[in-house]
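Taking the form predicted alone, here's one chain by itself in structure tokens.
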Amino acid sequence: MSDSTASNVESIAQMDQLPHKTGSLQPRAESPLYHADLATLSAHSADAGGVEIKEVKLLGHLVLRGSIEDAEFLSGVKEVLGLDLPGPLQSSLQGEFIAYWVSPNEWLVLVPGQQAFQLERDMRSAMSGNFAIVNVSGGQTVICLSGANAVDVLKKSTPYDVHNKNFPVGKVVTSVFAKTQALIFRSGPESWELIVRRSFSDYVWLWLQDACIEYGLVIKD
């Protein structure tokens, strides 16, 4: 890394979003659905049903912007995360890291929450040229849907075609979901993930509860 690149990295304002203890105070990290008290709901939830819902809490969400023709951008991601950025509508998984294609020059990378700040710093150090990395961890959450009827809930929630032939495992799209939008990822034959903005997480959660009633809803913490 050149001296000028190092200088640029040091001049960028980066914020560690993790709570840190100050004196006797220990700040509490709260997920976007913290107020829904899924732990209590799961304790009283049915043991079986057609749809299972779970929030994957407090992951690190990093938005990457860059050109697929920029070798230094791509190699920097590969060096730090150990994965190749996926092509259109695809995803790429390496250990605890997963990258989703969002647009021709944008990707969302999910990482363990405790590692997001350092990984951002490492990628900035490994890259040069025109690129952007934005930590949006506090502004999004992941809601997992699974079960035999998970796809039926999606069919009445989004206009995007989620049929097996059009939406295989590993595919990802950003589309309308109810009256908001979500990044929709098919993680398995009967499992899906919705990545939604914090400001709409309550709305999506209430929508899903209602949409799952006819199939039987199981809530997991």
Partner chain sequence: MFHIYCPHCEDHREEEEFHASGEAHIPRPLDPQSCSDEEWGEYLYFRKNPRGLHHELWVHAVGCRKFFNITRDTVTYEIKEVYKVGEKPSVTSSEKNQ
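Positions refer to the first chain, counted from 1. Just so we're clear, the structure is a prediction, and the values are computed from it rather than from any experiment.
Unshown form predicted in complex with the partner chain; subsequent notes refer to it.
Looking at the partner chain in the model of the complex, residues 88, 174 and 181 each place a heavy atom within 4.5 Å of it. In terms of contact with the partner chain in the model of the complex, the residue from 151, 102, 83, 119 that brings a heavy atom within 4.5 Å is 102. This chain appears without its partner; in the model of the complex, the one residue of 54, 57, 155, 65 with a heavy atom within 4.5 Å of the partner chain is 65.
The closest non-hydrogen atom of residue 188 lies beyond 4.5 Å of the partner chain in the model of the complex. The partner chain in the model of the complex comes within 4.5 Å of a heavy atom belonging to residue 160. When the partner chain is considered in the model of the complex, residue 106 lines it closely, a heavy atom lying within 4.5 Å. Exactly one of the stretches 143 to 151, 111 to 119, 130 to 138, 88 to 96 approaches the partner chain in the model of the complex with heavy atoms within 4.5 Å, and it is 88 to 96.
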